[in-house]
Structure formats: structure tokens, C-alpha cells
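Read the single chain below, which is given as C-alpha cells and is the form predicted on its own.
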Amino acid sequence: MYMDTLLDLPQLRTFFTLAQSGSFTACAHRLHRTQSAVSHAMAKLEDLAGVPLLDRKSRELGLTEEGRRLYLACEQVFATLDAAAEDLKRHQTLARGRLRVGATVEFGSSILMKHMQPFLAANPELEIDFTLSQDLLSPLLRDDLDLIIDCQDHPLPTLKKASLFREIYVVACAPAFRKTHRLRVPADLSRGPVLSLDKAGAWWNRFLMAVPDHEQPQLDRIIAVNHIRAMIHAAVEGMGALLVPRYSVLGELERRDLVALFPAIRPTEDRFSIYQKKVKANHEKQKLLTRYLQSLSPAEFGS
């Protein structure tokens, strides 16, 4: 692939953003430009390159082989330029700019929001925006997020992973519910309703796998609640027993709104980790946040 060595940097930025966003409309919105301006920039870049960069044969926007090679080069170049710009400003402040952080909904609302103010106070020129979602990998890969905190494993060679904490699960219910249904061993869960994220009860598999065969309950009465926080409120009101990450009910357990059941049973655990693109992982603002999160006490997460 031959290219003119004087490729235009703004045109490359437009190309890079277009490849990330997946459409001319989305690219124009992200760059605060018109769609025609994006199309014009791409036409000029392809003219300079001497080869097509966009695959116009398919209905969805894609890249040619040359386009994919240029995209990977742009990813390295712009990550280096962003890091250099950050380094030039380091004499003014340790970290500045904007950081876009993604986290799972319950962890973000229960734990992350409680701990971010000290970090922000120590870094007053750093602006952080938060996205709480169960779908975190896709926005990270298209650079809508700079860093994500997730309990799902993402073994991609382009990502850097930093371990955070083990997500311990607990079975709990309201004290009156335990008394009414005489819950002493796991098999006793058959006597009353249980709360689950899904009607089929697959949510409970991590607990059932840890229960000996002779103590296995029959979960025939399942109340589906598709949000963990709503499930916790339902359990406090006595609607059923629940299975949730321990960090999400620390307050309820301390106040005795809920009581933990079967402490000898250890459901399968997940591990939360921080993920970020390797080309961005050395940015000072991301290193600062990673170190801060790893410094928090595991007790805060119920570990």
C-alpha cells in the first residue's frame, strides 16, 4: 500500500473517529461537524492514500484491508499524541482533562459513587463522567469509555487488566421471612418464594452448585425482578429470599433489615477487574484512578 507521506492529521482523526463510531452521522455528531464535512474529509484522505479505506460494498460501514491497517496505526499515533499532550501539562497539575469511566450498575451505584469524591478532591482539574451499564466492553473498544470496571472476563490482547476485588455472594432474607418459612438449611428454600433476575432461576445456579446434593432445594416459586436494587427492596419487604453480591446489602445486613442465610455455603465468586486499552493505560489520569481503586479496602466490597 503506497501513501503520500503528508497525510493530513485532521483527516486521519476524522477517519479514526468514523471507524470507531460506525456511521457518518455518529462521526459528525462526535466531532461536532456536518455529515458532508466528514464525507469530504474522507474523500480527500482516500485520494491522498491512493487506495480505498472504506468498504462501500456492504450495507454497514466497514474498512478495507488498507483501512484496517491505517486504523491500527491511528490508534497508536493518537494514543501517543494524547499522552504527550498530557505530559506537557504535567507541570501545571498531576492529572487533568476528562476521564470516562464505566462500571456495572450495582457496583457503580452501591460502591463506586461512595468513593469518588476524595479522588476528585485530590485531582480538582480532572473531570470524570460515569456510565453504569451491563454492556461495558463495546463502548470501551470504540473509545466511548476510557476505563471500565467489570466482573466479566475480557481476555483480549489489546486490553490491559488490573485485578480489583472478589465479588462474594450472599443469600439473605428479612428476619420475619426466615422465621415464617423456618429457613435453617438450603433445602428449606423450597418452602417459600425466592427472588431472581430471571424467571427460570438460572441466577441461583452459583449458589446451587455449592450446595451438597442432600441439601438441594426445589426452587418452584420464583419471583423475577430484573434489577438488583429492586430485588433488595423486595426482600426487605418480605417478598422472598435473594442471592446478591454481598457489597450490595452491607447496609441492610448491618441494620438487620436482612439476615444472611447459610454462611457455611460459599457460592461461586466473580472477580472484578479494571480494563483499559493498552495504548491508553500509561496516561497519568488512568494510572491515578487505577491505583486509587486498588487501594480501597476489600471490606468495602464485602470481601
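In this text, rigid core is short for the largest set of C-alphas that superpose within 1.5 Å between two forms. The numbering used is simple: start at 1 and walk along the sequence shown. Here the structure is a predicted model, which means the values were calculated and not measured.
Below, we refer to the form predicted in complex with the DNA, which is not included among the displayed structures.
4.5 angstroms heavy atom contact with the DNA in the model of the complex for Thr268: No, no contact at 4.5 Å.
Residue contact check: His40 to the DNA in the model of the complex, 4.5 Å heavy atom: His40: yes, in contact with the DNA in the model of the complex.
4.5 Å heavy atom contact, Tyr292 and the DNA in the model of the complex: The answer is no: Tyr292 has no heavy atom within 4.5 Å of the DNA.
Residue contact check: Arg256 to the DNA in the model of the complex, 4.5 Å heavy atom: Output for Arg256 is no: heavy atoms all beyond 4.5 Å of the DNA.
Segment assignment from 64 to 72, 25 to 33, 247 to 255, 234 to 242: heavy atom within 4.5 Å of the DNA in the model of the complex: The contacting stretch is 25 to 33.
Option touching the DNA, based on a heavy atom within 4.5 Å in the model of the complex, out of Arg166, Arg142, Arg100, Arg191: Going through each option in turn, the one that passes is Arg166.
Joint contact, His154, Lys280 and Gln286 to the DNA in the model of the complex, by non-hydrogen atom at 4.5 Å: So, no: the whole triplet misses the DNA.
Gln286 C-alpha relocation of at least 2 Å between the shown form and the other one, rigid core basis: Shift at Gln286: below 2 Å after core fit.
Rigid core superposition, Ile274 Cα moves 2 angstroms or more between the shown form and the other one: Ile274 C-alpha, core-superposed: shift of less than 2 Å.
Distance direction in the model of the complex for the C-alpha atoms of Ser138 and Leu45, relative to the displayed form (3 angstroms or more): Relative to the displayed form, Ser138 and Leu45 move farther apart in the model of the complex - a change of at least 3 Å between their C-alphas.
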